[in-house]
Structures are given as C-alpha cells and as structure tokens.
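Consider the single chain below, provided in structure tokens and representing the form predicted alone.
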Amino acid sequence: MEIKEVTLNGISTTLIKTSKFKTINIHVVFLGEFSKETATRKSLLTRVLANSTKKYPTKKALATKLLDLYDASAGVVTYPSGKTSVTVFSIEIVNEKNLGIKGLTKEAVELLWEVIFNPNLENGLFSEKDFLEQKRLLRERLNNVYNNKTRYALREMLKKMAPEEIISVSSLGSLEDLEKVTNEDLVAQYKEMLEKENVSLYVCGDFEEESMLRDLSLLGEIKSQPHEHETVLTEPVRVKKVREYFEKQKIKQAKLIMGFRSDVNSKSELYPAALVFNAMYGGIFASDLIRLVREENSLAYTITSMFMDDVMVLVVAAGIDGSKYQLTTDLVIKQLEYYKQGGINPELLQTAKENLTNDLLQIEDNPVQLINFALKNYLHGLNYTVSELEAAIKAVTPEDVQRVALGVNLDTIFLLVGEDDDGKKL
C-alpha cells in the first residue's frame, strides 16, 4: 500500500493506492462550522442533496444511474468533529480494471459532480417536494431519538453536562430548529458550503495516479478555504461539582449515563494510552467494568465506556435496575480511583492492546476505514500511519494508563428510570 499526498486544482488530495480491493472509493470532504445554528440545516441539507440532482431529479432516477454504473453506491453524510462540521460526498464503484472496460471512473466522478454541484433546484430553490419530504423524514428521525432510550439518555446527559458547549449539540439537529428552516435557508447553507468551506479529496483502490488525477479534475475548480477549523477541543474543563439528574418514563430497564471530563485529546502525547485506558475500563468485553459491575455483582445488563477524543469526554453507559443506581455508580467510580492509584492489571493491559491492534489491522481490510483514518489525520493535524499507531499502542505502559486516569474526572450522571421505581432508592 502506498499513501501519497498531492494537490489537485488547489485541493489537498490523498491517494491510497492498494491492490487489496476490487473497488475504487472516492470521497469529497467539506469542512465548515458546526454550531447550534448550523447543525439542523446541515443535517437536512445532506438528506436533500443525497436524494436527487438536476439531471437525476428523483430518487429512482439516481438509483437507476447507480445501477448502470455496475451497482455503484453513493452517499452524503455529515458529522461533527469538535466545532467543525464534516460533510462527506462519497461514491464506490467496481474497479474498471476488473471489468475490462474504460471510462467507469470518469462516469463516477461526473455523477459525484452532479450530486455536489448540480442539485435539483427550481427557480433558485430546492424542489419543494424534496424539501418537504426530507424535512418530514428528519422530523421522524429526531422523534425516534426519544424512542431509543439509550441514545436519548446520552443526549440528555450531554445537554445537562455542557449546556453552553458544543458537545450538547446533536449532529441531527433539533425539532425546534427544524420547524424554522425554510427552503431559502437551506439554499443559503448550501452556497456557504461551496464558497466558504475547506475541501479535501480521498481516493482508495488500485489505480494509475495520472489517470485518476485526470478523472478527478472533472470536478472542476473547487473553492477551498484554509483548514482553520477547530476540529479538536484543547482546553480541559475543570469539574467543580458532580451533578446528578433523574428522569422517569414508562420503561422497564433504567439507562445510566455517566459523563467524565478528560485532559487528553487525539493530539495529546497520551492519546494511545487513552485508547488503552478506555478499552481496559469499559471498552472491550473483557473490561474491568464488565467484570466488576456485570459479572461479579450482577448490577448491569450491559455496560460500556466510550472515549470521545475530539471533545475530551469519556462516557460510561449502562442498562440497570433503577434500584441499583447507587451501587452501580459507586463501583464505576471506585474502579476509576483504583486506576488512579496505579491498580493496572497487566493481563488486562495486554488484552486491551491486542484488541486495539486487531481493530487497527482490520482498517487495512476496508477502503472506507482507510479513508476515514487518513481523514482523521487531516482533521486533527496528525500524521499516524496504521502501523505507527499500532506501535504506539503496544508501547503504552501501566504508568501511561495511570496518567490518563488521573486526568479523568466525573462531571455529570443522568439516570432515565421507570415510573414505578421508588425515588428513595436512587
């Protein structure tokens, strides 16, 4: 595998050349502002753009074109990284070398151009039918968050934990803001994306560089602003007081979400150690929280931890009996304190490293994951190769894990509990 960075028409372009895959994957990435004001419009915009183009004005027409391209797949997604919105236009096609034909990559790039630059506009606005339909579907999706109790509890915890911070903003947007979005607002957001955002390109597959760059040039001159967006938060938040919140609903299994502040992000020297710490704490099936809370004390149906490295937050999520709230949270906190005191199990440390390195090895078997790995490097200002990150993880010491733990502090607890639970037990 060879990874090469080039500039095409002023656009940062990453070429990942490998003969491992029978497909060609092309991603065009726009980086802009992620905020409460933009989140809902960005969320709706990606849905509208993914649904049709001027040349292919219906979802069926677009799907038929993809079938004509030997069952290609295309998509538009948006997600946050720190205070930055990442909008990805992607297409995956069968490598024309394997079909013995020419021009398929060119057609794929032309279709990608259609999706990005030739939306289904009527008199300067998006098709009203498309606009209203995608607005309805996004409204349903936002309402469904309430029905997914774990996701709902996580969103509520983040809002309670940091009401004035970016982590409280959902990438889906909000129902309140969705109702206010007009077709004109969406067109304005689209134009801002084209005119003011940073653009980068990523290609993965078995291709000739000269031919690929020639095909990619069909995207034309894309305006691209410098990559100056805050993709990673760098200022740790000091915890002044642990806050607890409870909400009752008609549910049988209580959802416990615990939010911790960390002083490590993806740019930190201790980033590899933070990955190991999270795996040991609750990120893998053999983790301490699984062993201690679920297996030894039968306090949780499920329990896991997740490290959000771009916003310096660690989350522990568990499904529990509401009456076991105090016992469960006490054990979670006690285990963190054990780590802070240097209680690092060498066997679990090795298991965590093996799990993480196995996950990294799988990246090289998936073209989309390879592109995402390269994109994260670009976003966060990193220069890891997969093998370098693997080596860094293998080199993590018990002292490194302890240092990570010392910078992790409980901030907010949110419990979504059944209406029949006795509040005195909480």
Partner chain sequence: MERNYRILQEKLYHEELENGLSVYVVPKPGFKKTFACFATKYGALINRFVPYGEKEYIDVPLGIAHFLEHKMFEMPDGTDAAELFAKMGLDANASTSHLLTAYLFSGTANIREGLNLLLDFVQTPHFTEESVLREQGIIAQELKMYLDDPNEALHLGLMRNLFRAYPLRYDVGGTLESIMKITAEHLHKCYRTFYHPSNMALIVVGDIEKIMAPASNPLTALLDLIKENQAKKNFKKPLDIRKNILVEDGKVNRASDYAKMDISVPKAAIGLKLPYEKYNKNEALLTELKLKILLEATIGPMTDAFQEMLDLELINGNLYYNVCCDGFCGFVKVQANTNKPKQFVAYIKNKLLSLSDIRFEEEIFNRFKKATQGSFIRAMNSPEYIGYNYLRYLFTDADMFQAIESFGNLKIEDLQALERYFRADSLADYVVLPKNFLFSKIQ
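Since we're looking at a predicted model, the values are computed, not measured. Numbering follows the first chain given and starts at 1.
There is another form of the same protein, the form predicted in complex with its partner chain; it is not shown, and what comes next is about it.
Taking the partner as it appears in the predicted complex, which of 259 to 267, 232 to 240, 284 to 292, 332 to 340 has residues with heavy atoms within 4.5 Å of its partner chain?
Stretch 284 to 292 is the one.
Just checking whether E92 would be counted as a contact of its partner chain in the predicted complex - the rule being heavy atoms within 4.5 angstroms.
Heavy-atom contact with its partner chain at 4.5 Å: present for E92.
Even though the partner isn't displayed, in the predicted complex is K54 close enough to its partner chain, meaning a heavy atom within 4.5 Å?
Outside the cut-off, so no.
Please tell me whether any heavy atom belonging to E33 falls inside 4.5 Å of a heavy atom of its partner chain, as the geometry stands in the predicted complex.
Result no; E33 lies far from its partner chain in the predicted complex.
Can you tell me if D400 lies within 4.5 angstroms of its partner chain in the predicted complex, counting non-hydrogen atoms only?
No - in the predicted complex, heavy atoms of D400 and its partner chain never come within 4.5 Å of each other.
Exactly one residue in S217, T182, Q326, S298 has a non-hydrogen atom within 4.5 Å of its partner chain in the predicted complex; which is it?
None of the other options qualify; the answer is S298.
Its partner chain isn't shown here, but in the predicted complex which of M306, A188, L99, L194 has a heavy atom within 4.5 Å of it?
It is L99.
Please determine whether each residue of N144, T302 and N358 possesses a non-hydrogen atom within 4.5 angstroms of its partner chain in the predicted complex.
Heavy-atom distance to its partner chain in the predicted complex: all three under 4.5 Å.
Mind listing which residues of 249 to 281 have a heavy atom within 4.5 Å of its partner chain in the predicted complex?
Stretch hits, in order: Q249, K250, I251, K252, Q253, K255.
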